[in-house]
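Okay, here we've got a single chain as structure tokens, the form predicted on its own, with questions on binding and movement later.
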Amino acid sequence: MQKAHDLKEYREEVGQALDNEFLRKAMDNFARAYPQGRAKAFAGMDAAALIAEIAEAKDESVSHMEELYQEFKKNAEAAGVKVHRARTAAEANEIIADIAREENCKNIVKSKSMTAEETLLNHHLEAEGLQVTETDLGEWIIQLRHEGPTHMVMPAIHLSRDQVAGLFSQVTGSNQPNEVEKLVKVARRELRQRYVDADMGISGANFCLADSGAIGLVTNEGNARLVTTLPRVHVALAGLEKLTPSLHDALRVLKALPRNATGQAITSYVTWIKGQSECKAAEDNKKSYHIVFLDNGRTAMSKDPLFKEVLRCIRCGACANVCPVYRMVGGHQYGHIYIGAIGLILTYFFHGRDKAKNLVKNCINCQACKAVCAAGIDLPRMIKEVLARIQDEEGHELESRLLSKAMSNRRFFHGLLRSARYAQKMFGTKTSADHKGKYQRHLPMLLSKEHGFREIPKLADTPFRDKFPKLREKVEHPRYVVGLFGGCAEDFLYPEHLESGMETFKGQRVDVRYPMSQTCCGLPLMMMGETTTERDVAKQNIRAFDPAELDYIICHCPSCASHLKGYPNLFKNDPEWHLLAQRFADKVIDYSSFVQEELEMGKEHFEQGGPRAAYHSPCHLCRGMGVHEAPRKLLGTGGYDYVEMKEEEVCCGFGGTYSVKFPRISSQILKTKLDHIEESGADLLVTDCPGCVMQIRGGLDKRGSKVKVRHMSEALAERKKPGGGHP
């Protein structure tokens, strides 16, 4: 749970997690195994179509949540169930405590429920003098350790067998071996009597079927069936978003839930409960059965045009499984109660901005969570919207305000970048043969020792915009008229990437234009929660390019391209600008896709027999733009011997301003990436993003690695044959 008062304290807590070698290893092992398991589980299925169906159905349910509740209540009560509704977490806890008092219950067994974690139900019931025992193995372990879950589906994933054996030895008073099978038997033996002694069983609910009043439970252990059948009282606690029209809708979600959560085709147990059942322990031979629906802001969220999408979540936890930050620090530092990307959002709504304000800054915006979400939730966008709301509520930080002020005026902003060329001279440049003139010698004091994990490049002596007039060639009868979008990094840091791109265009009858009034794409502003200025710079760029005169707007930076593609989302409430933004976004394309799919350059244009080259796929290219094959095909076309490396589409740890805010996490993610690059045996690492070039090249050079790094445009230009143009 989050206790840090400010970002400094939060970073210290994150640092402790990074120092926990077992936690890192456990998270890493799971992160490596999960993608293969998930892919195998979805093999032969149209996962994208299923996700779209789930999203549409959940949206429909959320928009009729009140009607579904009334229908469920009528049908459940007709079957002898008492239905309660709680406005808040405290009210839900009190309702359940009242049920325990009225039913004269003392001993409670509980199966896994994130909703009960949300309300801190155990704390409340134990304060009322009730004995509560978690019966899910992972939940029981963390209950004994007096800590919260570190994953929504696998709450004790952060612990080793030795730690569990030591814990069980304390509980049983005798030494227990660290063998999984024997530890499971210990838990089974210790918990069996708790079931027998229990008066009340508390469960969650994965589904609440309105047309029948039944609930559905999806579990991997038999404990939920014991919890819901043995005690004479059963209480199910569920969020209102679990309401669904019918079994058909629930089964649709069930196709995706276990596959997305753990890579299983189906869980060990799927249980459906409808109405009161026979119970010999009860005086009237019938179980007392209650369902408590928790609102806790869900109704208000269902009416929010943006955040109602969050209520689609099916609690599979996959957004944590693929998150590079979660992989490094685990759930205790990457959530409050709910963890992972969805946890960063829900913490704000369910537990307040004080708990969420530091968490939401710890998103690297790699889009992996969005790509894997079984309900198609745009999680990265929601996280940045939460950050913007918190900034608006608490006041914008100084660095955020300064960035916003500078970027709002293009001339001023570019003037700063030009001036920085001279300011950087006070830090000197590296003088060694390999690094001469490329890197800063000293880091500014602003960047502490934690940023020393990579070399920092110096700004270019001449930005691309100043070179362009001399580089542009007159093209007769062009095949394509294109506008180049430079972006800050390509224009002022790596102009050679754009120059190389123009070199590859030579002879292809491409008429290139570079509108000088273009400015930053606005992504750094989104990352800082500065949405007003983000829209302002978007308008500046839309004005700078005239889509009617251009066939394409080409980006050498996928982060810029992906953000430009998202411009229409910034103007959803402004029809005039939304139309203009859509016209602009429709013309945006990344460099590799343009060369591979539009220019269709072949091997005859490039010298063959080149070195072995690995490829790092930038997050915003493979997930933001959905481009996977074009760059890899280009390497072969360009004469390189493409060698596959591990986790090509996993983030390198840059994330723009993220690597400045969280350098220790950034460096650890980078370390894994560099290890994979060197293990591949490649001589060259090629990528499409200037940010990735900066991160990976800086890291490899800091290591003294022999592997060189090139942007795709550089890699192609270096092997392009002279002449050989398009007829």
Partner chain sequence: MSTQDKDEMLRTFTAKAEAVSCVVEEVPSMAKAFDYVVDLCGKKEACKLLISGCEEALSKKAEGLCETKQAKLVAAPNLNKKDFGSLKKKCNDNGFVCIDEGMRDHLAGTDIGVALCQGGIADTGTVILDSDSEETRLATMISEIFVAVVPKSKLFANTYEAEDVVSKLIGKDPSYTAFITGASRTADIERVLALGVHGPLEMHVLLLDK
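All of these numbers come straight from a predicted model, not from anything done at the bench. Residue numbers count along the first chain shown, from 1.
Only in words, not in the display: the form predicted in complex with its partner chain, which the text now covers.
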{"query": "Contacting member of R535, K308, K255, R410, with respect to its partner chain in the predicted bound form [4.5 Å, heavy atom]", "finding": "K255"}
{"query": "R225, R315, H124, H351 - the one with a heavy atom within 4.5 Å of its partner chain in the predicted bound form", "finding": "R225"}
{"query": "Segment assignment from 343-351, 569-577, 400-408, 132-140: heavy atom within 4.5 Å of its partner chain in the predicted bound form", "finding": "132-140"}
{"query": "Contact flag, V83 vs its partner chain in the predicted bound form, heavy atom cut 4.5 Å", "finding": "no"}
{"query": "Contact flag, Q193 vs its partner chain in the predicted bound form, heavy atom cut 4.5 Å", "finding": "yes"}
{"query": "Its partner chain contact in the predicted bound form: A33, any heavy atom under 4.5 Å", "finding": "yes"}
{"query": "A300 within 4.5 Å of its partner chain in the predicted bound form, heavy atoms", "finding": "no"}
{"query": "Whether G636, V643 and D701 all lie within 4.5 angstroms of its partner chain in the predicted bound form by heavy atom", "finding": "no"}
{"query": "Partner contacts in the predicted bound form for 178-194 (non-hydrogen atom within 4.5 angstroms of its partner chain)", "finding": "V180, E181, K182, L183, V184, K185, V186, R188, R189, E190, L191, R192, Q193"}
